[in-house]
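One chain is shown next in structure tokens, namely the form predicted on its own.
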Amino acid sequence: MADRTKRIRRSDLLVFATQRNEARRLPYFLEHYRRMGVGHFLIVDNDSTDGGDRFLAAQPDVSLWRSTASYRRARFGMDWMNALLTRYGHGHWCLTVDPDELFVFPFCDTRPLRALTDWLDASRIRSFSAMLLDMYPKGPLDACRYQPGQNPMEIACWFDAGNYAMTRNSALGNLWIRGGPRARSFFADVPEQAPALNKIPLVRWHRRFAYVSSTHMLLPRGLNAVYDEWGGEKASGILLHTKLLDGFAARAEEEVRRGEHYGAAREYRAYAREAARNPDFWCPHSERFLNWRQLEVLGLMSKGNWA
């Protein structure tokens, strides 16, 4: 729909994303990453009907593709992402994120993303992890209406500080992390079926690399060694996940009907069963988001040895 890839400079930081009917979120999504210093966005629109594709096509720093094909048969969009990463991401630092994911990294309030990637280059680190942190409002989801272009953190500013469990994937070496409000609200009886929160969204891309399952893990498997390090922990970030806003129930019901998500939309079936009640995820143990330093104190991210 809009091919501006010839404008990509060798030094540009790139964002890759798949989106469907996220018109409300897109203005702030672009603003958030532009402020960080991202130079170009490469986005696949999966048959949107809300005008989000037209909005993106008009943006001077966006290249946009559109597919009406099955999201599920494209390995939940990762075949599309891997194809674009291979073709356009080689040699660049690439962030692969969803429109409801806002990347936060150590010192992001005082340093641009380029400062982080320069340090990663100097340290010969090729991949950088960020746990998905589900954000939610205080009160029923539909009580506050999110407006296009608004910072979603003005509404969904609460999160679970604990309630996380980790296991090691012996096959590819990544950590599986589960927990948070979706686990306690929708998967309390089957926590092993709760959504995975571990992600590796920032990678100095090479055409030989590939995401295996969403951005949870990559090949070659050495890219998944993003947490443990002899003598201390590695630097890591957070993806502030703003899925839990008004309209969540209607979206869950739509995705159940489409059946395009993992496990015959098992996750969305769980959402749809409970979301119709307009749930309130807030509890006395909820924490109000302040800044990245708060997340580091809580052990959810780390600056590692980046001073």
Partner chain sequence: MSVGIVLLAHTALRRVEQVARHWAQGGCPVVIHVDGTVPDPRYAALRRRLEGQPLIGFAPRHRCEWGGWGIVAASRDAAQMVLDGFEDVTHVYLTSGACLPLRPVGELRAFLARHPETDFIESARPSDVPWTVGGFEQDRFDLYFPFSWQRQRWLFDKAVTLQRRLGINRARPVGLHPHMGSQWWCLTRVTLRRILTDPKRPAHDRYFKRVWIPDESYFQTLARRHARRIESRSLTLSRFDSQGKPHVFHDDHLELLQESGSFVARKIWPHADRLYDTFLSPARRPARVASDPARIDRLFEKAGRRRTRGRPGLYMQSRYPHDGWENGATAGPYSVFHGFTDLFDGFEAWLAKTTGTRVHGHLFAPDRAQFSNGQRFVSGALSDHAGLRDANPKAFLTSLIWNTRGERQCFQHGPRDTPGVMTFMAPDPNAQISVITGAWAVSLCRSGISVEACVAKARRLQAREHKAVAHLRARTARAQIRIWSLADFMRNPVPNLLAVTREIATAPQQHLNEAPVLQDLEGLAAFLQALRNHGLHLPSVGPFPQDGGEASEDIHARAVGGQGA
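Keep in mind the model is a prediction, meaning the values are calculated, not measured. Positions refer to the first chain, counted from 1.
Keep in mind that the form predicted in complex with its partner chain is not shown, yet the notes after this line are about it.
For residue 110, a non-hydrogen atom is located within 4.5 Å of its partner chain in the predicted complex, even though that partner is not displayed.
Contact between residue 163 and its partner chain in the predicted complex is found at the 4.5 Å heavy atom cutoff.
At a distance threshold of 4.5 angstroms between non-hydrogen atoms, residue 167 is in contact with its partner chain in the predicted complex. At the 4.5 Å threshold, heavy atoms of residue 228 reach its partner chain in the predicted complex. For the options 87, 208, 124, 73, the residue carrying a heavy atom within 4.5 angstroms of its partner chain in the predicted complex is 124. Heavy atoms within 4.5 Å of its partner chain in the predicted complex are found in exactly one of 129-137, 78-86, 148-156, 94-102, that being 129-137. Taking its partner chain as positioned in the predicted complex, none of the residues of 18-41 brings a heavy atom within 4.5 Å of it.
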